[in-house]
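Shown below, as structure tokens, is a lone chain in the form predicted on its own; questions about how it binds or moves come after it.
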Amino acid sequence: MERKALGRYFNITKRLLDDRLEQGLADGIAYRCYNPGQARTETTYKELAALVNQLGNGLRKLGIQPEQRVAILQNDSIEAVVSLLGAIRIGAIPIFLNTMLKRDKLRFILEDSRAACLIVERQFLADLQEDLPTIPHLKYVVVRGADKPGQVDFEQLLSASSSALDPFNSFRDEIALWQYTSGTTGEPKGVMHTHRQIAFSASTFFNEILNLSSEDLSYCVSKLFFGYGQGNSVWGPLWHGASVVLFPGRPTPEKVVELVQTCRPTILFAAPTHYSKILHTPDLASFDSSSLRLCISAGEALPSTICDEWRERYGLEVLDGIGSTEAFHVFIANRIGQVRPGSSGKLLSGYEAKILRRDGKAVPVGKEGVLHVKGGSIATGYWNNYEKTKATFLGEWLNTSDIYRIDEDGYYWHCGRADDLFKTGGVWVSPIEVENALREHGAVMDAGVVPFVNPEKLQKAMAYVVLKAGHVGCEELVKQLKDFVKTKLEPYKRPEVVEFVDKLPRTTTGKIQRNALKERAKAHHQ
């Protein structure tokens, strides 16, 4: 594989930009922005390289040094990609911030990362405006259309800078970027990835499973701040000289279908929830999917019913797989023509996996255990979190905390989580965080949150709520609680079902017995 040719010094932007120009792709389309009314709708590889160099030079003029963190809070756009690559170009460390995070989480990440610069869109400034002057280490706020003292205008920073810039002479094992993920308490953790780890990932899944080439145009429903979205819209496509569609808006089923029919991508990346919503939106019973050669799913286990229904309706297999922020991207996946509905597929080349019991002993074929994986894309560790790093990164092995079994044919089957975290819509949810939000409501005395599988075979959040004296459970209160959680947390964390109970099952030490609640939820929805 191409990854073996990496020297001791290696900056990923050289491979993605300079080498692509030398390859003859200067006039090839790197990005198409599906956003009617936007001035820049297509960007060639040559134009992308120039913009990245301009931003890199601009950041240097501001005084940004190698290894300093550059936080990015932008919708999916060419500017967001330029911000990401421009920071790496000069040896700085970019961090994509989740645009759905609440103010307190954004502040935490900015403080925890010691970001020296924030590149942000105007629409996200309102909630942060009061906090920004008080955040330690944050010196520069770069925004398009800057209109306040102390802000740096994004477009002016580009226009005033040269389009010529050699990449910083990074070591291949130097940290290239961070991605923040949530822990069991909902506190974000900074996952550190090197240039070599990005290269390993980009040259594996996208080559072995997708056979990606300069003839492909990809679109990923998941946004750039997700590891899945970033891999599908930046690292994989640019490594292989392909083109990408970016959509800054909310990816409703209608918009996703509209984009596919208008832009004609050859590959669609999405999570199971996205495929389900398209299938169950009456007006989208059929659409022109003839441009697609591949449909890819990850983020959460793909129910076999969705896989089967999608194939029956559109004649396309959905290739499911599993990846993680810590592994950078997908490391187990189904292959074209070899899909086994309901499974995550088989291990990719360059990776090893083992399924262990809690005591560390291997389980036999067909038995469940915790999945551990080893490969060149596994992160270096968590920033400023020694205990969690030691518990998760075990030498060369990553403890995924996912419960899996492997069958005799080498297919891996997801069976749940080893901890309390669960995914809904492809995004991790901490039950403790949702419980705490519910408890802030004046009518709630106690709450327990667990995952359940809805009639569409998708994992969602269910809340068991104990009310304070004087309050009565009713449909109106259910709606109030759901809306209340939405004001406190990101929308995807809102429970889909709320059930009122007299008390929660607890251990002698006062901890919620989640397994009991999970069994109750399972029985309730069977």
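All residue numbers are counted from 1 along the displayed sequence. Values in this document were obtained by computation on a predicted structure and should not be read as measured data.
There is also a form predicted together with a small molecule; it is not shown, and the following applies to it.
This chain lacks the partner; the member of H372, H414, H274, K223 within 4.5 angstroms of the small molecule in the predicted complex by a non-hydrogen atom is H414. A single residue from the set N75, S430, T400, N207 has any heavy atom within 4.5 angstroms of the small molecule in the predicted complex; that residue is T400. This chain is displayed without the small molecule, yet in the predicted complex the stretch 296-304 from 387-395, 296-304, 165-173, 84-92 comes within 4.5 Å of it by heavy atoms.
Though the partner is left out of this view, A447 does not reach within 4.5 Å of the small molecule in the predicted complex, counting heavy atoms only. In the predicted complex, the small molecule stays beyond 4.5 Å of every heavy atom belonging to L138. Heavy atoms of T325 reach within 4.5 Å of the small molecule in the predicted complex, making it an interface residue.
Shown alone here, F269 lies farther than 4.5 Å from the small molecule in the predicted complex, counting heavy atoms only.
With respect to the small molecule in the predicted complex, the three residues R69, K189 and T380 uniformly fall beyond 4.5 angstroms at the level of their nearest heavy atom.
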